[in-house]
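First comes one chain, alone, set out as structure tokens in the form predicted on its own.
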Amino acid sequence: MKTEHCTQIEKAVAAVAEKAKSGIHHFYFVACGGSQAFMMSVQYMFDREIGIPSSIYTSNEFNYGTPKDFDEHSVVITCSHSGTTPETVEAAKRATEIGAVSIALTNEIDSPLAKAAMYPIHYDHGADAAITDKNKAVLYALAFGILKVVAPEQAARWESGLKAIDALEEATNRTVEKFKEAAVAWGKANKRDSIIYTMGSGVNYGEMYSLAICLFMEMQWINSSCIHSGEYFHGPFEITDYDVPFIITISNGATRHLDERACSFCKKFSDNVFVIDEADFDMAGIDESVREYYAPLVLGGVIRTMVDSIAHERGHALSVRRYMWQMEY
């Protein structure tokens, strides 16, 4: 990870440590779309590991339906790739003005979001960026740094979480290679599907949510919806049929039972279920105590291979938009 990124993260973590002296009442993760989805895994991690409440909000709900507990004892973590998402910029401004610890992740150094937050953290992105400089690795470096401050009794485990960042790229590459043939074949087989459902739970829900709303709906114009594995039997399973396609990820962590149960039923009635079982991931180099939390990052590599395949087969580039960035909205 670049020195620049480490320094920015260290400053943000130090601010959280200072705020902890007077008491942190709530962690808020605030963003839109894919930026919100990718922070879901860390919000889940905080819920599981620390006694301080945490919540995730889409930005304008945070702005208009502001939670009562939001005050100077809050830590607000925002993210926008471009740094220009207006509602996220507004959320960061509000956090800064109220005296909360306001942290923002963005790809653009001098963006409005970077200027609105007290502690901007820049990440590099793109083909030339090392995986440790991209948004998810930078977020995890921030998250495990914060955990060392607010849950010091498990400092050795959080240090393992930080060290795992160095092993992430190789673990992702090895796992993508294992799934590549099946992922490419899936794209060819499903290129004409008009609707594809995604399913997951726990730490993986955000990745499957992002697959549905960003990669399928936004970037491929395929109708989709993300179903939480624990909610599948409480309504959504009624749409299951032999020709209805599903992508299901099965967790390597605490919520694995939810995914296995949903997958087992789904496969009885649908002939088109693509299963990504995280027990098959090659996560050597990542300590077992944090593998559950790193699984979504590796999962993202497998998903991207699938989406690249279906985009190629459909002749629909992932960069094409009808409305986004094309007009005022």
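On a predicted model such as this, the values are computed, not experimentally measured, just so you know. Position 1 is the first residue in the sequence shown; the rest follow in order.
Keep in mind the form predicted in complex with a further copy of the same chain is missing from the figure; the text below concerns it.
With the partner left out here, a further copy of the same chain still marks one of 99-107, 232-240, 115-123, 140-148 in the predicted complex; by a 4.5 Å heavy atom cut-off that stretch is 232-240. The single contact residue among A182, A189, A156, A254, judged by any heavy atom lying within 4.5 Å of a further copy of the same chain in the predicted complex, is A254. This chain lacks the partner; the member of A171, I248, I227, V89 within 4.5 angstroms of a further copy of the same chain in the predicted complex by a non-hydrogen atom is I227. a further copy of the same chain in the predicted complex comes within 4.5 Å of no heavy atom belonging to D277. When contacts are judged by a 4.5 Å heavy atom cut-off, G33 counts as touching a further copy of the same chain in the predicted complex. Proximity of G285 to a further copy of the same chain in the predicted complex: non-hydrogen atoms within 4.5 Å are absent; the residue sits far from the partner. Residue contact check for I50: one or more of its heavy atoms lie within 4.5 Å of a further copy of the same chain in the predicted complex. Taken together, the three residues Y44, N223 and R321 all lie with some non-hydrogen atom within 4.5 angstroms of a further copy of the same chain in the predicted complex. Contact annotation for 53-75: residues with any non-hydrogen atom within 4.5 angstroms of a further copy of the same chain in the predicted complex are P53, Y57, T58, N60, E61, Y64, G65, T66, P67, K68, D69, listed in sequence order.
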